[in-house]
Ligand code: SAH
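The chain below stands alone and is given in structure tokens; this is the form predicted on its own.
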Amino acid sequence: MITCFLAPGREKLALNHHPWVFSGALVRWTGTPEAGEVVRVCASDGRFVALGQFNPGSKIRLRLLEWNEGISVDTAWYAARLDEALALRRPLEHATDVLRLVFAEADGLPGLVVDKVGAWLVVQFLTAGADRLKQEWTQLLREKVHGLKGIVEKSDGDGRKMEGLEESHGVLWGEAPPARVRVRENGALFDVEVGAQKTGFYSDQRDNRFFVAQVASGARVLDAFCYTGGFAVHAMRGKASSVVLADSSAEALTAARHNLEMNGFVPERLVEGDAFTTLRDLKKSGERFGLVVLDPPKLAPTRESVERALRGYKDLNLQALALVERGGWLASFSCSGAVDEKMFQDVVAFAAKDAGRTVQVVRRFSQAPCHPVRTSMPESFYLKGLLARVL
């Protein structure tokens, strides 16, 4: 097996089971490892550190897998990690049939993301190591996930580009999914377009949608960044008086309206446009809501963009707070991993100060259990949110 040697003093994170080793931490390696090949990783003095997948063309040069020198990383090893991941999700299946089955490094499987959408799996191979095992993963998933009609690949995004990989789409096994796959979540129905944004549905917000619905009774609701209407549907099921859908995408608004109507509800209004402008226009027209939901896309894709993102989050929350009636609610989220919980709460606090509103935080939100956080990898925690009463 090819051996990679770390620079002196650069083994601490790896020994603490953080799975990423950046190119600057390596000084040399034996032979010519291929992209995605499993290699032996040692400290500068030759001490064994871990086994990991190597990619000579990525800034993240190694994705560490196994820290026990006596264990081989082979098909049986990958099958065991998959079994562990599936066991975590099994208790969630009574509430939903759309959830993440494998969450990459958080499940010890770098670069592999598997979402279950009804009877289909949507798989993303985001690293050279995961991509190298595409056939093996397809077979393992067929064997271990029952009741499937098909497995679909949707490997794209910036992460794959950073690994030197082209986008890859198509059916890996079984039937292609229909244009819309009907799924259930905590009693609500949704039609999911598998080929849409990400894998078509944000299962990381499952529990948060349920909790936000608990304060929606009697409220006029604004679901900003509504996408396919997850928060709106649950709010109406929670006895909201009405819901206004807002999104920059006409297709998303159409999907959100469809999902509302499928559950027996009709939106009060659809507003297409940039959310920053939409919130200001609603404020100028004197509109008020009992509940405003802010669930924007990632505003800070990198650490370098954090300051700009914080300004964006503050502006969104400032405008949203002006729309909340006294005694109403704001549910505000950030899915930017580079923005931590304290940063985000500070942003909301500064927005409240500038808006002249008193805000009481009554619940802090995180990602659903099918998106676990690996304690040795803080980067696997990315979704945070606040449910706040506004006075």
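These figures come from a predicted structure and were not determined experimentally. Position 1 is the first residue in the sequence shown; the rest follow in order.
Only in words, not in the display: the form predicted together with S-adenosyl-L-homocysteine (SAH), which the text now covers.
Colleague: Exactly one of Tyr313, Trp137, Phe289, Tyr227 has a non-hydrogen atom within 4.5 Å of S-adenosyl-L-homocysteine (SAH) in the model of the complex; which residue is it?
Modeller: It is Tyr227 that has a heavy atom within 4.5 Å of the partner.
Colleague: Between Tyr202, Phe210, Phe265, Trp77, only one gets a heavy atom within 4.5 angstroms of S-adenosyl-L-homocysteine (SAH) in the model of the complex; which residue is that?
Modeller: Residue within 4.5 Å of the partner: Tyr202.
Colleague: Would you classify Pro297 as touching S-adenosyl-L-homocysteine (SAH) in the model of the complex, given a 4.5 Å non-hydrogen atom cut-off?
Modeller: Within the cut-off, so yes.
Colleague: Check whether Ser249 has any heavy atom within 4.5 Å of a heavy atom of S-adenosyl-L-homocysteine (SAH) in the model of the complex, and answer yes or no.
Modeller: Answer yes; at least one heavy atom of Ser249 falls within 4.5 Å of S-adenosyl-L-homocysteine (SAH) in the model of the complex.
Colleague: So in the model of the complex, is S-adenosyl-L-homocysteine (SAH) close enough to Val183 to count as touching (4.5 Å, heavy atoms)?
Modeller: Although S-adenosyl-L-homocysteine (SAH) is absent here, Val183 would stay clear of it in the model of the complex, with no heavy atoms inside 4.5 Å.
Colleague: Do Ala240 and S-adenosyl-L-homocysteine (SAH) come within 4.5 Å of each other in the model of the complex, heavy atoms counted?
Modeller: The answer is no: Ala240 has no heavy atom within 4.5 Å of S-adenosyl-L-homocysteine (SAH).
Colleague: Taking 4.5 angstroms as the heavy atom distance cut-off, pick the stretch from 145 to 153, 269 to 277, 96 to 104, 79 to 87 that is near S-adenosyl-L-homocysteine (SAH) in the model of the complex.
Modeller: Within 4.5 Å of the partner lies stretch 269 to 277.
Colleague: With S-adenosyl-L-homocysteine (SAH) taken in the model of the complex, which residues across 151 to 173 come within 4.5 angstroms through any non-hydrogen atom?
Modeller: Residues within 4.5 Å: none in this stretch.
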